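Below are two forms of the same protein chain, given as structure tokens: structure 1, then structure 2.
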Structure 1
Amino acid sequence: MSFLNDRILGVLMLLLAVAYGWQAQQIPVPFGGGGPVGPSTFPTLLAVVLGLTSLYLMLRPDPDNAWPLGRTLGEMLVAVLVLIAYTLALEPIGFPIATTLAVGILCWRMGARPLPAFLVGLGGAVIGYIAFNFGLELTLPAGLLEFH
């Protein structure tokens, strides 16, 4: 039970508070001065609050939670990468194929056998595509499956 998490968090947040507060001072004052309270007043106040709470955390940190390591961390990275790849692929290769692959891979990585995993992906993709394009009349990209 070390107290490292909150200390690191505190340091990072203090850096953020300083950077944010400094940036706030750089906000150009509008033409005519803008009265006693300009666009930087509120952000400055927030920087102070964040700075104080991060100092508190450095001094009185809570006990740490364990972070996932090794395989679990790898699986979580895979999940994030799948979501990013899905976003990348959504428009060029289309909703049906991208969804089948993304849901399939996620289900499989979560411990389903490959065949059921990809069948669930396919089912979800088909139902989703029909529901959105015909039920709700919102066009999802068909991508590779588009017929011209």
Structure 2
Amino acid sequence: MSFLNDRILGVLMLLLAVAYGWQAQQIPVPFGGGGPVGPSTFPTLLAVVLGLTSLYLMLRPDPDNAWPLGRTLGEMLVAVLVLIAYTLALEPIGFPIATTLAVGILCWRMGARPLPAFLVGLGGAVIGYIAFNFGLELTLPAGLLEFH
């Protein structure tokens, strides 16, 4: 009966992949753009990877996978709350700060010491901001760090 856990998660992830991929196709192409790599490329790739992993979970579930209980369930709920807060904070405080905080908190909750956890978050935020803004031409909100 525990193999249903992975199949249920796989179905939910597949629904998320389809919705995310559809939303990725709605991102407008910048003026003068239209090359093979645009702002929707990275989100589309993420949707494809998510869809493929969800199919794997549905077709080859782990027979010994039980629902998480106790501390593990609590940590998963904290992760979901952090991701919801990240989504809500992304626009007002900006990608760099929101990403640093979210990645830092998630790394810390997974067992890293606080300073290295937030340094990883800062590094990921800087690399992500540069990659999206200059590599993929997908403007991310700078928020509090925006200079006028």
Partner chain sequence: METLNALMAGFGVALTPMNLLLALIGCFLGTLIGALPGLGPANGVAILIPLAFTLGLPPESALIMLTAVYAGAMYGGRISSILLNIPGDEPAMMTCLDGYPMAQQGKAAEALAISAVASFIGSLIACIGLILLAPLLARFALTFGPAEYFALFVLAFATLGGITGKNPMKTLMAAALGLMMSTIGIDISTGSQRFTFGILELYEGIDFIIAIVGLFAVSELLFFIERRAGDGDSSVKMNRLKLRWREIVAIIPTSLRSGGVGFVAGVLPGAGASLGSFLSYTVEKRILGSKNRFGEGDPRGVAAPESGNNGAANGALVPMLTLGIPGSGTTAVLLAMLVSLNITPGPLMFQQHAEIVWGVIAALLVGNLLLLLLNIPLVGVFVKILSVPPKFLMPLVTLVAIVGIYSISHSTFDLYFMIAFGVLGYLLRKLEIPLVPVILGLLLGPEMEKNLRHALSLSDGDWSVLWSTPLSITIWAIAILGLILPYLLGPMLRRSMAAKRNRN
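Residue 1 is the first residue of structure 1, and the numbers go on in sequence order from there. Remember, it's a predicted structure, so these values are computed and weren't measured experimentally. Only the largest set of C-alpha atoms that superpose within 1.5 Å between the two forms is called the rigid core.
Between the two displayed forms of this chain, it is structure 1 that matches the form predicted together with the partner chain.
Splitting the chain into two rigid parts between the two structures separates G104 from V48.
A two-part rigid-body description fits the chain between the two structures; in it the smaller part is rotated by 70 degrees against the larger. Here the rigid core is superposed, and Q23 then shows its C-alpha moved by 26.1 angstrom between the two structures.
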